[in-house]
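Only one chain is shown below, in structure tokens, and it's the form predicted on its own.
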Amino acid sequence: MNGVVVAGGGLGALRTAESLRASGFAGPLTVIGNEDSMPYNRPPLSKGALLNGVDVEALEFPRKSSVDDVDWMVNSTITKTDLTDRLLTLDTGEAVPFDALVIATGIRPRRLPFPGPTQGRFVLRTAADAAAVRARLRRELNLVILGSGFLGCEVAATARALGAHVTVIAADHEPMVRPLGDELSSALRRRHEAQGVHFRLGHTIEATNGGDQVRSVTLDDGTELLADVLIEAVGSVPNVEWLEGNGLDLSDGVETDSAMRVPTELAPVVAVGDIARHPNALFGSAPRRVEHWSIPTETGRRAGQTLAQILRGESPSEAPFTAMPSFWSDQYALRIQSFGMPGLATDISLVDGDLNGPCIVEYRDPLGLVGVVGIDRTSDLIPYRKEIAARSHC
């Protein structure tokens, strides 16, 4: 028996392995990850770990004793899979057979193809990325951040705390505008500006300059900005290349049903985390990739149950998947928290507080509350979570 192989070494992989064991699967279980550490918490990489220094062991998730017998293959990259023969190929040429497969390879940062030197040009996804950036950050350094989403804004806040000069460049007209809407994102921009962050919105980078080392960037309007370090935070790309040639829908991650099962007759396959494009009954039937912190745990739990049932010869549960997407973002002393899918809203309204202080913003679609965002209002969001969860009964 070859057992189950989990492709990917992040939180989704860990939660799926734990769920498989909790669901009664006692066979061989292998987790293959391309980093040199066990699964660890990524959100602090743009916040506390970037500010105070990266300690990967301190970021590792506690692991249940049920997965003590799992074979963890670190520093291993999968280059190809053959679902017909049920075989993975690693970059070393090693072949790893499996009876069932968990797809948990997640995402990687998107890189834009502008010309110029690359030394001093970074992304922020892994602990190694964060350590490399942290080694460069210092007072009076000129930091340019391309991208004004949550990651870019968190890095901006952290870099200002370290004394760097920070400029954020983005094509969007406001930072974090896609999930938050115009008014809240505009208010958050003003808070960043009050801390000394400069924004060049409605622009992108045409080139980096400086010989071997980035010294400046040229924008699409010809403006040149000093840049000792450039961080790109312009979205993500699902890691699906190793799955090509197996007839799977890889158009945006990996399509699954509500049980996290990947539609294929070739082998038992499930997908979890950022790479899984799945339906959620709270938000309609359309499958979506959701890159919120809570999703690897919720999809991993469901996928482990599904795969254990399949391997026992049972039909997976047809219960709808109703996980609650949630995220938080720490920027300066602000705690931004959200439940649901604010980006799906057709109507946005401030219902409590002031956009320049603690507040609650509701996001509604034709069926009712679809998301909520609170600024420094943690305990007040609990009733909203329950209201969004009730959408599954509509």
Partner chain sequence: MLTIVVDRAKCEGYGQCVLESEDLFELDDDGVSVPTSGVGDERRDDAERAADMCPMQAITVS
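Note that the coordinates shown come from a computational prediction; the quantities given were computed from them, not determined experimentally. Residue numbers count along the first chain shown, from 1.
What comes next is about the form predicted in complex with the partner chain, which does not appear here.
Going by heavy atom distances of 4.5 angstroms or less, which of N239, N142, T297, T204 would be at the interface with the partner chain in the model of the complex? Comparing distances to the partner chain in the model of the complex, the residue within 4.5 Å is T297.
Triplet F150, T346 and Y363 all within 4.5 Å of the partner chain in the model of the complex via a heavy atom: Judged in the model of the complex, none of F150, T346 and Y363 sits within 4.5 Å of the partner chain.
In the model of the complex, D330 touching the partner chain (heavy atom, 4.5 Å): Because a heavy atom of D330 falls inside 4.5 Å of the partner chain in the model of the complex, the answer is yes.
I'd like to know whether W293 contacts the partner chain in the model of the complex, with contact meaning heavy atoms within 4.5 angstroms. Yes, W293 sits close enough to the partner chain in the model of the complex that at least one of its heavy atoms falls within 4.5 Å.
Any non-hydrogen atom of N41 within 4.5 angstroms of the partner chain in the model of the complex: Flag for N41 set to yes.
Taking heavy atoms only, is T30 within 4.5 angstroms of the partner chain in the model of the complex? Judged by the heavy-atom cut-off of 4.5 Å, T30 is well away from the partner chain in the model of the complex.
Thinking of the partner chain in the model of the complex, which stretch from 365-373, 30-38, 347-355, 321-329 has heavy atoms inside 4.5 Å of it? Going by heavy atoms within 4.5 Å, the stretch is 321-329.
Counting only non-hydrogen atoms and a 4.5 Å cut-off, give the residues of 40-72 close to the partner chain in the model of the complex. N41, F61, P62, K64 sit within 4.5 Å of the partner.
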